[in-house]
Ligand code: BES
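First comes one chain, alone, set out as C-alpha cells in the form predicted on its own.
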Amino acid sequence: MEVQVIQGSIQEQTADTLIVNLFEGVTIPSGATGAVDKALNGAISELIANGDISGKAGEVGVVYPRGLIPAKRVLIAGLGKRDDFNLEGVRQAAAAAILRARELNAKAVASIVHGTGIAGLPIRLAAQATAEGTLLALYRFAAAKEQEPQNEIVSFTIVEFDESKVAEMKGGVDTAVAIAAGNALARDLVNMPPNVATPTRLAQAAQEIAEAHNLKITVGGRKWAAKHNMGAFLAVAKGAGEPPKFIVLEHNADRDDLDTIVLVGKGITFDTGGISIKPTQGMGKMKSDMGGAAAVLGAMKTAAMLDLPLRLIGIAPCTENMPDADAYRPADVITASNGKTIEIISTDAEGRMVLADGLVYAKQYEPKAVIDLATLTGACVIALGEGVAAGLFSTDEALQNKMVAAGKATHERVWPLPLWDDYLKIIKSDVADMQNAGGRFGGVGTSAIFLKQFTDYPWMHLDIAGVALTEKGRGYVPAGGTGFGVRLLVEFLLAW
C-alpha cells in the first residue's frame, strides 16, 4: 500500500474516503473536522446534535457528502475523552477508522493526524501513531486456503494544512512504515504452520533481511554449534527432524564506535515438549514458540530500514523440540558453552536451554545491553494474564526503567518481576551445576534465574508467553501472531 504525507486541505482531497476525528463532549467541531463540517453544510454538527455520533473511543460515524466535496464518504473517528487521550488512543482511533473504511470497500483513504490539535500531542509521534495504527490494523496473513475476494486499500495519505509540520510528520510516518514492516514479518512467521516456519525458513527470512539491508549474517548448523560447544542448544535439537539453525544478524557489524546491543530470541519452531510430552489439547498453539526469534528478526528488519546508529546484533537459536529415539531425556546432564552443567528435569523446559547458549554467544560482542525474548513459561501467563503484559527480569535497574518506559510508549507493556537468588535454591542439583526446571511453583522466577547463570553483562529477560499469540483480534492487533516485541524493542533502541 502506498503511504504518503502531503500538504493540503482535507476537504479538497480526491480520495474516495476521508477520515477526521471528534473528541467526546465536543458539540461544534473545529480544526480539520470543522473545515470538513463547514464544506458539508454542517452535516457533522447535525449528527452530533441528533446524538448519532458522540466522539466515544472506538466509534466511527459515516457521512455521505453527495457531491459537496470530492470524497464519496467521510468517517468521523471517536477519540474518547480529551483528558485521557494519548498515543495509544491515536493508534486505536486510526485502526478503528481504517477497518471501517475497508469494510466500506474504500480504495484510497486520506486522513488527518489524530491528537495534534487540542490534545497537543507531539507532531512527529502523533503522525507515527496514526500511520502505525492504520498499517498494523490492515495486516492480513496469507493463509493457504481458498478465500473470498477481499477489499484492499491501495493508498493512505495523511493530509496536513500547515506546511511547516509536513517534514516532521513524514519522519514519523517513515518510522511507522518500518515498524509495521518488522511487525508484519514477526506476525507472518508466528502465523505460519510449523511445517512451513521451520528453522530453515527462519534462516531464509534472516538471509532476506541481510541481503536487502547489507547486514552480516551467520547461520550455523549442528557441526557449527558443536564447534562452539553449544551442548544445551544441541541437546534440544537432538530429536528434531528439521535441521537446527543458529542465526546471527549484525547491523553495523564493523562499527566499533557505536554502542553494541544484542537481542536474543527463543526460536523453538514447534514444541511438543519432547520426551516430557505436552497434552494434545492446545499443542497446536506451540507453533508460536518461536515468537521471541520472530520478534528479534522483525526488530532487526526495522532497525536496518531505519539505519539506527547502533551496532545491533540479533541472535536466534532455532530448532524443533521433538520426541524420538535420539531426543534428550530427563536425568541427562548437559554441558552448555560456558562450561556450566545442567541436569534435565523436564525436556519441556527447552527454551531456556537454547537461550543459554545464545546468551553465552552474545558475550563476545562486549555489549552494553543484552535483551532476550522468549515464550518461556506458562507461569508468566498465570501471573500476568493473557494479552496483558510480558514479564521483565533485569540485572540493571536503569535498563529496566528504559524498557518499562518503552512499554508504556508502545502499549507493549512489561512488568518487572524479582530476580532473587532464592530461586537458585529451587533449581539446585546434586549431579550438576543446576537443574533446568524447578517444579510447579515459582516457574517464571526459576526460569529467569537459570538464564542469569549464562550472563555476565547488563541483561534483561522478557517472558512473552502470554502476549505472542491471541485468539481474538482487538484494535490494530488481529487474531493470531501479535508481533509483540518488535515495537517495544524498536522504541527502546530509538530512545537509546
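The first residue of the sequence shown is number 1, and the count goes up from there. The model shown is predicted, which means the values in this text are computed figures rather than measured ones.
Form predicted together with this ligand: not shown, discussed below.
- Shown alone, this chain has one stretch from 150-158, 388-396, 299-307, 270-278 that lies within 4.5 Å of this ligand in the predicted bound form by heavy atoms: 270-278.
- Note on the partner interface in the predicted bound form: the residue among Ala186, Leu376, Ala94, Leu355 having a heavy atom within 4.5 angstroms of this ligand is Leu376.
- Contact with this ligand in the predicted bound form, defined as a heavy atom within 4.5 Å, holds for exactly one of Asp289, Glu320, Glu412, Glu132, namely Asp289.
- None of the heavy atoms of Ala448 is located within 4.5 Å of this ligand in the predicted bound form.
- Gln204 falls outside the set of residues with a heavy atom inside 4.5 Å of this ligand in the predicted bound form.
- Although the partner is absent here, Ala32 sits far enough away that none of its heavy atoms falls within 4.5 Å of this ligand in the predicted bound form.
- Mapping the unseen interface onto this chain, Asp372 falls outside it, with no heavy atom inside 4.5 Å of this ligand in the predicted bound form.
- Along 428-448, a non-hydrogen atom within 4.5 Å of this ligand in the predicted bound form is carried only by Ala437.
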